[in-house]
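Single chain ahead, by itself, as structure tokens, in the form predicted on its own.
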Amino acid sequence: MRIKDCILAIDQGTTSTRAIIFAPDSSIIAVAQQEFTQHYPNDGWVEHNPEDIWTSTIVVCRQAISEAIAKGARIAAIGVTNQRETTVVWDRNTGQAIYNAIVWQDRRTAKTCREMQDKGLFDVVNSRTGLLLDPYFSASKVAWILDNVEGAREKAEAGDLAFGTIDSFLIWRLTDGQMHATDVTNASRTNLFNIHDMAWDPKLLEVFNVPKSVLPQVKECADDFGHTTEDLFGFSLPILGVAGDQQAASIGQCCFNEGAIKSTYGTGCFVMLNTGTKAFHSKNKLLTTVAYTIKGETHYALEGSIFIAGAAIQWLRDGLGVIKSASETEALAKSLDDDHGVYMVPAFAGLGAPHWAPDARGAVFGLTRGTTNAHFVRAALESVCYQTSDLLHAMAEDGVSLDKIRVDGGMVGNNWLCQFLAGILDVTVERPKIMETTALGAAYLAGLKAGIYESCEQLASMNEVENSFDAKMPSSQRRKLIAGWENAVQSTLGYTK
């Protein structure tokens, strides 16, 4: 039986690339995934080889397409979602990157950002972008590449170089250089885009010393991003949807109404609150960002960014050998009656919101001779929940109140984590039936542009909750646990001073 109007979602993440093909009813037809190498050339530096990203993308797309076609599927369009802020600069003539991709976690420009802050440039950047002066964002990474690769700045001034976040790099390659474009959500994470004017900002380009010639065209999230060349997949496909991973997850969770909130647990953790058609300025170091632009209407979001979530579990697996697989973590956490005072502050790439301490480094507190692998695992899982609590506390101080939060990402398949999260946050945690919400959001965008879906309201009517976790933790226990966490964070911050 032939399945019409399927959508290929490319989900290019920090540690792996996935291709998922969705049927119009959002059921999954085919999935392929491939991890790729992380590079750490210096303390606080994180890089990817752009060719690894490109190769893994083509491999998983071909695998998923082959499987879907064997099942009778007809693919109508492509949606792309990507790790945000990660920066690539490539030669327009050859399509080859002139340096490795500098990953969003990278801290090499922390000194530069501090110097800019000392010069009084914070308000210039914050008022236009809704972001902070932090190495997390793309602008200082672009400038670093142009200043540190021989001849790069001269080539950029001559118009021979192109900058892009990963979506732009993939679109360029998929269209054989016919399209140099990004969408509003990825543009809003660069520190070069004015989220009020919805355009690249000349003053910010001057501040960061980034030439306009390297910038991509900025489009809506559901838009025409060109067609793939026939040689890649045997036929050409239109690219009709693009969004950064966290905005895509919010779309996949159908957070279209003002006040809707989701939290995604992947490599990092990102809480995003839809604030409607007006940009909301946080007084507590949360980010104001573009949630999406669809059919001419822009929604904004308030966002809290945690740099390390699932990456802490990956470190326990690959770095320490504490576990062989992430699937072991639920049973290990449940094997303990409590955490026995062990806290992990996973500041491997600094601390994000609301602390924004790029020089902080990871720490574990409360170790005794009785500490086991299970304690390390539980501390890592709990740290994700505590960091989320920090974000929601900051939102509460900004006047936001909520009684439930939608979660997604690979970590939330862990029931113990979801239940502990509900207890620490003192809210109901809702887990969706379809866990691949990031890829689903990209598919929804492509489907809207292709006419497969009529509206966001239609998409919302399709959204299903798989499980809900109600807060059951006594308030006295919650206060005690959070107090221990706050003490651990302050100790970590004190160590860096």
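Quick caveat, the model's predicted, so the values are computed rather than measured. For every residue, the number given is its place in the sequence shown, counted from 1.
A second form of this protein, the form predicted together with a small molecule, is not displayed here; the remarks below concern that form.
- Partner contact region in the model of the complex: 264-272, out of 364-372, 199-207, 224-232, 264-272, criterion any non-hydrogen atom within 4.5 Å of the small molecule.
- Tyr136 is the sole member of Phe163, Tyr136, Tyr292, Phe193 with a non-hydrogen atom lying within 4.5 angstroms of the small molecule in the model of the complex.
- Of the residues Gln387, Ser168, Ser188, Gln83, just one reaches the small molecule in the model of the complex with a heavy atom at 4.5 Å or closer; this is Gln83.
- Proximity of Trp104 to the small molecule in the model of the complex falls within the 4.5 Å heavy atom cutoff.
- Proximity of Gln246 to the small molecule in the model of the complex: non-hydrogen atoms within 4.5 Å are present.
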